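Encoded as structure tokens, the following chain is the form predicted on its own, with no partner shown.
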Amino acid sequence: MDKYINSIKNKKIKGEFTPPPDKSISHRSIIFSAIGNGRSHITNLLTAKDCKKTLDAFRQLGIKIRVEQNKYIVEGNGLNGLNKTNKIIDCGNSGTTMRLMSGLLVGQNKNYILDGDNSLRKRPMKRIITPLRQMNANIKGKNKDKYCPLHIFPSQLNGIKYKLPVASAQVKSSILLANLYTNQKSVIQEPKPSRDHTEILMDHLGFNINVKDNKITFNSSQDFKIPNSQYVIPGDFSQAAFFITGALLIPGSELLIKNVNLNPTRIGFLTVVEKMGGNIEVINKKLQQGELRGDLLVKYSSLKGIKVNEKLIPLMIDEIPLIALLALKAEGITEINSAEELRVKESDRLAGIKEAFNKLNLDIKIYPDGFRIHGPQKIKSKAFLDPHLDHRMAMFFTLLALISENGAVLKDAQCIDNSFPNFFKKINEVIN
């Protein structure tokens, strides 16, 4: 479905916005509910396509899940209670579903096949296969283990000491889930901090897990019973970042963003925005189930270009394209490096930024691991923008069209449903 996005010249972003539930925490809440002992309740679960794939996977594996009002009720069958299935587990477009489920299923001592759509089949899977193999998992991928489909066979797992080549929440989570089945200790060393929702949730549930100086130590015990729990999902910061960007860039805007996840491993984008001169106030902070959450008051700001500290990259990997938008309106040069991970997301996001900027006659220097933009620049041209079925790039292009002078046509706008089904409705509600 192609969609024309109008420019919002002479309009502002005003009012309040509550972002959709956090996608990362939603996936993990489903997983630990399914392998917990007894009934768990998940409030404010994200019901976008990616999380539905995780729900569908567990239903296929014999877990009873029902919905009552705004709660998902999951009847956990314990660590070893997942059924075998002769059907392929379809992960769709969700890398989180595939990588985390792989870590969990290698310990079930059964045969499984996980596959995904054409986009997921191009995303790297060797990064999880390598450490899982070192744990004695019998797992195989396509094309020398580079890609899915992934085939899992019975095996007896052992603990591991593993140094991650690249900071990755999905890889370390896959290892931690596999270690549930070793009755041993695993130690994971990260080069830099990355999202720690799995570690926080495991600590909240009572697992013997310790995190210090980017080193995660987890002693598993087969006698440990995962308690049933009440999970309350905060708003997703990565989705809120699109609205933060719009409010910062459109003159006269002021937006209150409510109940958003403020986990320090997720908000590198806020640090960058503040260094660029963005006017953002954090209010009503509170800690719930180990996760910091609160409200953000965002106002239109005059921005300046900066060189982004590479240590922040793993803390804002999904928000980096939005820095390119801010750079277009900022005074001076904005530069990002060490972001090569953008090349292997749902699409090559650096290539996608370059393609769109070239179509719009915008000046940008693209590196293998980042970009350099000299601002401010006017977005005068009109273009047909192709996100290559990447939901985040489609939302990025929507913002690009909104702040332009002539709008743009967005190809395959429906791909946004993977993570934010009512995105356009929510955008329209705050434009006035």
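One-based numbering along the sequence shown. Please read all numbers here as calculations on a predicted model, not as lab measurements.
There is another form of the same protein, the form predicted in complex with shikimate-3-phosphate; it is not shown, and what comes next is about it.
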Legend entry - 4.5 Å heavy atom contact, Arg28 to shikimate-3-phosphate in the predicted complex: yes
Legend entry - Contact label in the predicted complex: Asp318 to shikimate-3-phosphate, heavy atom within 4.5 Å: yes
Legend entry - in the predicted complex, His151 touching shikimate-3-phosphate (heavy atom, 4.5 Å): no
Inset, instruction - Would you check, heavy atoms only and a 4.5 Å threshold, whether Lys71 touches shikimate-3-phosphate in the predicted complex? - result: no
Legend entry - Partner-proximal stretch of 332-340, 165-173, 139-147, 80-88 relative to shikimate-3-phosphate in the predicted complex, 4.5 angstroms, heavy atom: 165-173
Inset, instruction - Identify, from the list Lys345, Lys192, Arg133, Lys110, the residue with a heavy atom within 4.5 Å of shikimate-3-phosphate in the predicted complex. - result: Lys345
Inset, instruction - Counting non-hydrogen atoms within 4.5 angstroms of shikimate-3-phosphate in the predicted complex, say which of Thr182, Thr96, Asn261, Ser229 makes the cut. - result: Thr96
Inset, instruction - At a 4.5 angstroms cut-off on non-hydrogen atoms, which residues of 104-128 are near shikimate-3-phosphate in the predicted complex? List them in order. - result: Arg127
